[in-house]
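A single chain comes next, written as structure tokens; it is the form predicted on its own.
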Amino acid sequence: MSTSFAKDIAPLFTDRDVHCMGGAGVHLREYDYMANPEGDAVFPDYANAHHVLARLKGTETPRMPPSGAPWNGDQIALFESWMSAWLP
């Protein structure tokens, strides 16, 4: 079963997460932003999703979510499952 961005991923981000990160230009609930295949100086492809994942894992700052408890292992795994549909 494939992971759906609209059904499985977008709802994981709270309104507070969306508001806070949106001010930094990170559009958590926008599929076109999150699934953008473009890379950057850090990630060769899908940089937006990779940066969000790194922030969720705490390997990049600012850590996400901006307030409250970090995502649990199941939530991180679900996000990675969604990403795996288009990662090489």
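Worth saying up front: this structure is predicted, and the values here are computed from it rather than measured. Residue indices: 1-based, along the sequence shown.
A second form of this protein, the form predicted in complex with protoporphyrin IX containing FE (HEM), is not displayed here; the remarks below concern that form.
Exercise. Would Pro62 count as a contact of protoporphyrin IX containing FE (HEM) in the predicted complex, using a 4.5 angstroms cut-off between non-hydrogen atoms?
Worked result: The answer is yes: Pro62 has a heavy atom within 4.5 Å of protoporphyrin IX containing FE (HEM).
Exercise. Is there a heavy atom of Arg29 no more than 4.5 Å from a heavy atom of protoporphyrin IX containing FE (HEM) in the predicted complex?
Worked result: Flag for Arg29 set to no.
Exercise. Is protoporphyrin IX containing FE (HEM) close enough to Ile9, Ala35 and Trp86 in the predicted complex that each of the three has a heavy atom within 4.5 Å of it?
Worked result: No residue of the spot touches protoporphyrin IX containing FE (HEM) in the predicted complex.
For this session: Scan 65-79 and write down, in order along the chain, each residue with a heavy atom lying within 4.5 Å of protoporphyrin IX containing FE (HEM) in the predicted complex.
Result: In sequence order, Pro65, Pro66, Trp71 come within 4.5 Å of the partner.
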